[in-house]
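One chain comes next, on its own, written out as C-alpha cells in the form predicted on its own.
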Amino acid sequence: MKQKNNGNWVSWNENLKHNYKTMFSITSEEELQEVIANNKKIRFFGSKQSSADIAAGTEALINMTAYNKIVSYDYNKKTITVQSGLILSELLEAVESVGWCIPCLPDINTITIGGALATGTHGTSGKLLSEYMTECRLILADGSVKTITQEDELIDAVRVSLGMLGVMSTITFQCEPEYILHVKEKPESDNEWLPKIKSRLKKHDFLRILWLPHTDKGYVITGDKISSEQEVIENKGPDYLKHRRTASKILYKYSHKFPWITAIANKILAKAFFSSKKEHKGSLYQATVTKSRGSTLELAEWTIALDKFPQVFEEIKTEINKWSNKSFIHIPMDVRFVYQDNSWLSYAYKQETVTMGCVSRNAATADTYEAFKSIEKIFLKHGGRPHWGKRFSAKDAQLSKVYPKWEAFKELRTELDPTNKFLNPYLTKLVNAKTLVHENA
C-alpha cells in the first residue's frame, strides 16, 4: 500500500479541488479494509470524471485505480468478477474476449467500475450498468466485509448508492452472448423523431438521439441485431467528421461571454457534422461506446418518465429558444432510454425512463452556464431525477419528492454508517445528515 501526505486532489476537468492529509493507494481487499477501519472520515475515487463533488473533500482518501484486477470467470453462468478499480474498457475487452457482452453500455469507457456503479451510469435501450451486477463484496464502515447477492434484500439499495453505504470491493457481472449491431445514423427534424420514440423502441434493439438545440433537428442512431456473417456496406461519413470536437472548441470559445453565439455555432456544427447519413456494424462495444472524451467538459443529466418526455422536451425547447434569456445550449444533448428497475436510487426506479444530457464545452466557465439551471428547473417541475455523477443543485427536500425510497435509503445509510464516515461536505448536505460532535473535534 502506497501513501501520500498533504496533497491537493483535482478532478478531471479541474472544476473540483480539495486538500487532503493522507491518500492511500490500495491493491488488495485487506488494505481496503484496513484503511477504512482506521480512518474516521474517508472518501474514495477512480478516474475523477464526476461533475458532482462526491469523490473527495475528506482528510483521508483512497485511490482505487490500482485495485484493478480481473478476479475470475464462471463460464457456465457467464459471469465475470472484477476488482472495483478496474477501468470499464478493460472489463469490456475481457468480456468480449470470451464471446460475451454486458447488454447495456455507458457512453464512455474510461471510468472505473466502482464509480460507474455508485453513480448509476447507464447506456441506452437497456438497464443501468448496476442492474447487471449479481454479487458484490462491500466493505462497511467498521472495515468488515459483507457479501451481497441477488437474493439479499440489500442489493436494491446498494446497486446505486454513491459510496454512502460502503465501498465496493469485488463485483460480479452477469453477461450474455455477444451480438452484432447494424447501426444506422441520420438527421431528422424534431417534428419527425419526437413522435416516433415509442415505435422505434419497439422496432429497434438500440436507440439513441443526439438533439441539436437551436436547430430544430436531431441526429437519430438506431441499431438492430444481425448475424456476424451478414454484410453491411459501411459508410462512416466524410473524414472531416473526426474534427467536430476541435471545431466545437473554437466556435464555443466566447460563448460564456456572449451566449447568443451558441445558437449560430450550433447551426454551423449541425450542418457540418450532423447532416451525413452513416452506417456500420460491430459488437455493442465496438459500435456504440465512445473510446475517449477527447477534451474536458462539464455535464448535467436529467431523467424523466417516458410518457412525460414529449411535454418536457417542448418546454425545454421553448425556454432555450427565448432570446430574452441566457440558456443557450452546446450540442449535442444526448437522449437515451433506460428500462425500469427496482434499485432505490435508480433514475428508472419503477418507470421506463428517458435521460437527457446537457453539456458545457467550456468546463472552466460552467458555473455561469445558465442552461444547467433552466434544465434542472423544468425537469424537477415534472418529477425528473438528476444523474448522481453529474452537475445538479437539488438537495434532500427536492430529492425526497422524486425518489420514493429516499427516506428508506437515508435510514439504511445511518444504520450502516452511524458515524458518517463515508460522508463528505457535499454528501452531508445532499442527505441532510446531522453533523456529529466528533466531526468538528
Ligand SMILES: Cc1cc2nc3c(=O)[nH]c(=O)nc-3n(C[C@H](O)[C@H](O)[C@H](O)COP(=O)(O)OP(=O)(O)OC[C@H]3O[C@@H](n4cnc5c(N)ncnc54)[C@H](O)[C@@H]3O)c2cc1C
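What you are looking at is a predicted structure, and each value in this text was computed from that prediction instead of being measured. Don't overthink the numbering: it's just position in the shown sequence, from 1.
Just so you know, the form predicted in complex with the named molecule exists too; it's not on screen, but the next bit is about it.
For the candidate spot formed by 93, 130 and 173, no residue has a non-hydrogen atom within 4.5 angstroms of the named molecule in the model of the complex. The named molecule in the model of the complex is not approached by residue 378, whose heavy atoms all lie more than 4.5 angstroms from it.
Contact check for residue 111: a heavy atom falls within 4.5 Å of the named molecule in the model of the complex. At the 4.5 Å threshold, heavy atoms of residue 306 stay clear of the named molecule in the model of the complex, well away from it. Using a 4.5 angstroms threshold between heavy atoms, residue 390 counts as touching the named molecule in the model of the complex. For the options 190, 107, 370, 319, the one in contact with the named molecule in the model of the complex, meaning a heavy atom within 4.5 Å, is 107.
The contact with the named molecule in the model of the complex, taken as any heavy atom within 4.5 Å, belongs to 48 out of 410, 41, 69, 48. Comment: 162-170 is the region of 162-170, 211-219, 142-150, 264-272 lying near the named molecule in the model of the complex, near meaning a non-hydrogen atom within 4.5 Å. Taking the named molecule as it sits in the model of the complex, the stretch 74-96 comes within 4.5 angstroms of it through a non-hydrogen atom at just one residue, 84.
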